[in-house]
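The chain below stands alone and is given in structure tokens; this is the form predicted alone.
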């Protein structure tokens, strides 16, 4: 299955992946309208370290503890992608607490969660973070 991988040695820490993610999930057609003068809520987060930067997003685990811990069944795994049914989510945040990678986060409204779904809802063809990475530090591939 294809997944998002990060080549840390190529990451510039520019945060463009975050902006592209936020735009892809905004529902808007024009990036300035979607993001200008607004707080963004990307589903990928760039962590900056001492000489090393890397983007963190859902790993779409083989045996996802977030799905197992969801008390309402709002998280499910379909074709290898862990998805959120926001109509079922009650915002208990159990999935946030159990994710070992810190990839599940509160949604902007604070009542549900959000996480990377590989842009399956956005008809991008591939994740927007991958398309928008100027240095090709983020790739979408099957490493089987």
Partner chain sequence: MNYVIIGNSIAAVGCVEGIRSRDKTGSITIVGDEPYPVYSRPLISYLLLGSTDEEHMKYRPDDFYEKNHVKTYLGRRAEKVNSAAKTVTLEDGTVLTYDKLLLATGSKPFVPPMAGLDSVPEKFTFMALDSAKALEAALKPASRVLIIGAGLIGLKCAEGIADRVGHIDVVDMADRILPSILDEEGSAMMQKHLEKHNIRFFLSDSVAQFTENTAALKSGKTLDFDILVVAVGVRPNVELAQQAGCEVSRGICTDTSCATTVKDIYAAGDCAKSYDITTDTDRILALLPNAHMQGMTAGANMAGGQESYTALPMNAIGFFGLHIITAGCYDGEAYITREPGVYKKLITKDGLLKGMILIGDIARAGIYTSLIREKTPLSTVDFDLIKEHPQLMAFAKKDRKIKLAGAKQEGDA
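This structure is a prediction, so every number in the text was calculated from the model and none was measured. Numbering follows the first chain given and starts at 1.
Quick note: we don't show the form predicted together with its partner chain, though the next part is all about it.
Although the partner is absent from the chain shown here, 5, 56 and 98 each have a heavy atom within 4.5 Å of its partner chain in the model of the complex. Though the partner is left out of this view, residue 108 does not reach within 4.5 Å of its partner chain in the model of the complex, counting heavy atoms only.
Under a 4.5 angstroms non-hydrogen atom cutoff, its partner chain in the model of the complex has residue 102 among its neighbouring residues. Using a 4.5 Å cutoff between non-hydrogen atoms, residue 27 does not count as a contact of its partner chain in the model of the complex.
Mapping the unseen interface onto this chain, residue 45 counts among the residues with a heavy atom inside 4.5 Å of its partner chain in the model of the complex. Contacts to its partner chain in the model of the complex (heavy atom within 4.5 Å) from stretch 59 to 87: 59, 65, 68, 69, 70, 71, 72, 73, 87.
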